[in-house]
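A lone chain, given as structure tokens: the form predicted alone.
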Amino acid sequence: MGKGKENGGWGPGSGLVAQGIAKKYKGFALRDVSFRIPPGSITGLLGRNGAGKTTVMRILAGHTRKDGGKIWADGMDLKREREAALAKIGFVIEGRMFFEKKSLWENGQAFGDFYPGFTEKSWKGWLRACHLQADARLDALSKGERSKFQFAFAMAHHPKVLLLDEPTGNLDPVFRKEFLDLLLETVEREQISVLYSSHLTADLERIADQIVLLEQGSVLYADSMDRLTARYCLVKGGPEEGRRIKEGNYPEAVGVQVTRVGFEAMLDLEKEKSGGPSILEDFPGLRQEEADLEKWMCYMLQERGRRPYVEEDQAV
């Protein structure tokens, strides 16, 4: 990811910048969560349940107070220029933050006043694009329709930063595809910085430019999708080859699974020893495949799970 010149490589700039975000709860803590999302770019946020994804989203949206770190939205400091910065941020986050007994149209009019970019014309257009009835009451909507409503409202005020927490989890397959197409088109046209959290890795494979992987409240990986697919790959072969690889000294093997009929391993090609043992050289007959995002995440988290737990007051 690109880095600015200020604050040790992190500066306000444009897009969304999170630097050293920290939050401590009883039994859980976010530690030094940092990433940058340029305008016109989508970053996928991954991690197992409880890794801290929703906490990160709520801090960035201004709904949860952070204990440390800095956030800039479109060059504005979320702490020093809170009102102006929040006006640049749209979100789809689970929770009841609108008037349940009012219609969608009335909610838009009431909350649109907080966003200088909101217009009734845009609100009407986005309700139509999301197949929502303006006179429908909010408390009558399904979970999927609520996601559509939040997305429509967010887009109606022309945000420069968009936070999406599981936006397609409750959508039917037809609108899910429409939603992703619409998102890609709008992000490109309006140069929005998007943080997109989802357990549907196939969605992120299609739209994400960058990936941030959280584990135990810390960033385990943050880089572009292009770098990820170039760096990691899957190899497959027979069970005997798998056992030899598992017992061998191969630092590039992130994870190895051996069954009675064969084996699969994920390799980190950047960890191959120069001049040392190499799986691809020692086993030239292996089948090599691109690692899909779901398998990549599972292997990365399994590998992390084999490492000693890091206490909260230790460096991660």
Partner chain sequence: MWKKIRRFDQRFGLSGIRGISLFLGESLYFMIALVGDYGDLEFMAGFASACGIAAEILCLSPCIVIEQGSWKTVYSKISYFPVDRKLYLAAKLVPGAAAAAGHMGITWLAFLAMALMKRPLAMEGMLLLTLSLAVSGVWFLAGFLVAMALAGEEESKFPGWGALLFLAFESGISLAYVICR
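Positions refer to the first chain, counted from 1. Quantities reported herein were computed from a predicted structural model and do not represent experimental measurements.
Here the subject shifts to the form predicted together with its partner chain, a form of this protein not shown in this document.
Partner contacts here mean any heavy atom within 4.5 Å of its partner chain in the predicted complex, and among 203-211, 113-121, 174-182, 187-195 they occur only in 113-121.
Here is the short version: of Arg231, Lys102, Lys236, Lys246, the single residue with a heavy atom within 4.5 Å of its partner chain in the predicted complex is Lys102. In terms of contact with its partner chain in the predicted complex, the residue from Ala61, Leu30, Met266, Ile42 that brings a heavy atom within 4.5 Å is Ala61.
Contact annotation for Tyr221: none of its heavy atoms lies within 4.5 Å of its partner chain in the predicted complex. Its partner chain is not drawn, but in the predicted complex it has a heavy atom within 4.5 Å of Arg96. Contact between Gln109 and its partner chain in the predicted complex is found at the 4.5 Å heavy atom cutoff. Though the partner is left out of this view, Arg82 does reach within 4.5 Å of its partner chain in the predicted complex, counting heavy atoms only.
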